[in-house]
Structures are given as C-alpha cells and as structure tokens.
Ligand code: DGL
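Form predicted alone, single chain, as structure tokens, below.
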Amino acid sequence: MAVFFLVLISNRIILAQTKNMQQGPIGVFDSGYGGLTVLKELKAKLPQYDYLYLGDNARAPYGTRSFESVYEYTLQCVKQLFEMKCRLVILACNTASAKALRTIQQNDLPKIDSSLRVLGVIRPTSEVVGNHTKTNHVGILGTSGTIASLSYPIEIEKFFPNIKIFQEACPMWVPLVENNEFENEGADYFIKKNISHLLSQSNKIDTIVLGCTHYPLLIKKIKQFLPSSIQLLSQGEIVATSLMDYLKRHNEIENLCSKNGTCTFLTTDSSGNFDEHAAIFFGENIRSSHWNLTSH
C-alpha cells in the first residue's frame, strides 16, 4: 500500500506540474529543407498538433561538418525552439541525430529542463528495419557525416544483432536535391555510382534505408538503378508512426503539445529563398519567417 500511495502521489504531482506548464507546438529541426519531408508525414498522420519548423539553411549542409560544429549548431537551434514553448523537439535530420542527439539528451537537457524532450530519426528507423529484411543484409545510404558516425550500425545492432549493415556515403545527393537537379540526367551518374558501390558490398542486400531526409525526392531515380526486389525505407512515415506511439505512452509530454492544427516555419537564411525551395519538399506552398542567428 505504501508503494502504491507514493506512486499515486508522484503521478498527481507530475499531472499538476503538467497542467501548470504552458502548452506549445512540437518543434521540428533540420539543417535545411530535408526535415520538411518528415514534417509532411507528421502533419498527415498527426494533423491535430501544432508544429514549429526551424531550418538552419544559413549553415547548411551539416553533412560535411565536424561533430563539434553540428552539436553546437543543433543545440543553439534546439534551445531556440525551447524558448518558443516547444516542449518536444524532433531532430528531423540524420546528421544532427547522429552527431548531436545523444550529447543533448544526456548532458544538456538535465541542465536546461529535465521535463523537455529531444528525439531523433535514426532510432525509430533502426527499431523497425529488421521487420523488413529477409536476408538480414541491409544497406544504408546517407551523408558523409551520418555514415562516418556509424550511428546506424550501432543502433540497429541493439535491436537486431544478426543484421549485417553495409554503408555508402552520397555527398553529391543533397546538393542535387537542393539545386533542383534531382530529376535531371545529370543526377543519374552520381546515383548510379553510389548504388552500384553499395550493392557491390553484398549481393544479399534486400533492404536499403534512405538515411537522409532529402533522399525521398530521389526515390524515382534510385529505383531506376535498383533490382525491383530491393525495398527502400523512407523515414517520414516511420518517424510519424513512432511519434504517435511515443505520445500515447507519454501523457506528460502529449499534454504539453498544443492542438490547433497549425504549421509555422522559420529559417536562418532568406525566407523568400526558403519558401521557393520548401514547396518541393513539403508538397505545398508555405510562408516562413527569418530567424536572425547573430542576435542569439
């Protein structure tokens, strides 16, 4: 009875604290545009919530930057989202998830506010990849930073230790997408080159993870150079399903997420330029505001 009483009191305290805290949107962060493909799926699967998207376009791309720089930039942007009442932030960027998430979760959140949460995109994908492969040979396509971090092999091994991982860095793919060249013949050379190199590592690969949120825009091109038997896993839907489950299991966080069905967009670069490119990723026209890095 004593243990139950203590648990009951503790739950009441948490509930009271939650009610006293101001609700805010779910923050979605990316180094640029790619996270919009994740936000698109979040909005489709969880339309009732408010979302605040922040793209650090002024310092993109993150894929070739050092661990220290990615961590510094990501933390700065996460703190900004916290200041704008986001109690939950999704790092919709594989590079930020690989290079900054763990440090922010373990070192920074306890100092900032232990009730806040930051989640990434690598773990949700790693949790389900084993449900898709039959050969246990899985390929990862990602930026140089994500591949070098070994985050996917490390995370996947936790859930599916029997799976063999084969990786390929694709440094030209993000520039192709952001320069709107992803549907042109010029993209074929780089896509074919990287896929051929990945598949040369194992003829048993039957599942490939698109380990960058830009890559869904390249799916048509990628499929041209893949056997039809190989399955492609895109992260947007996976992350949206994972977030739905997370919010069901964590009422204390769900209760802090405002629900008006709105989307607000911020960029550290030109808002006009952002809006022009963002429609490609988000699937509809948007209007963003500029967030001035130098004033923070």
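No experiment lies behind these values; they were computed from the predicted model shown. Position 1 is the first residue in the sequence shown; the rest follow in order.
Below, we refer to the form predicted in complex with this ligand, which is not included among the displayed structures.
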Next on the checklist: Although the partner isn't part of this model, could you tell me whether Ser126 comes within 4.5 Å of this ligand in the predicted bound form, counting any heavy atom of the residue?
Outcome noted: no
Checklist entry - Wondering, does Ser151 line up within 4.5 Å of this ligand in the predicted bound form on heavy atoms? => result no
Checklist entry - So, in the predicted bound form, is Thr74 in contact with this ligand at a 4.5 angstroms heavy atom limit? => result no
Checklist entry - How about Gly63: is it within 4.5 Å of this ligand in the predicted bound form, going by heavy atoms? => result yes
Checklist outcome for this item: TL;DR on 28-36, 43-51, 262-270, 244-252: the one with heavy atoms within 4.5 Å of this ligand in the predicted bound form is 28-36
Checklist entry - Tell me, which of Leu218, Leu81, Val174, Val138 has a heavy atom within 4.5 angstroms of this ligand in the predicted bound form? => result Val174
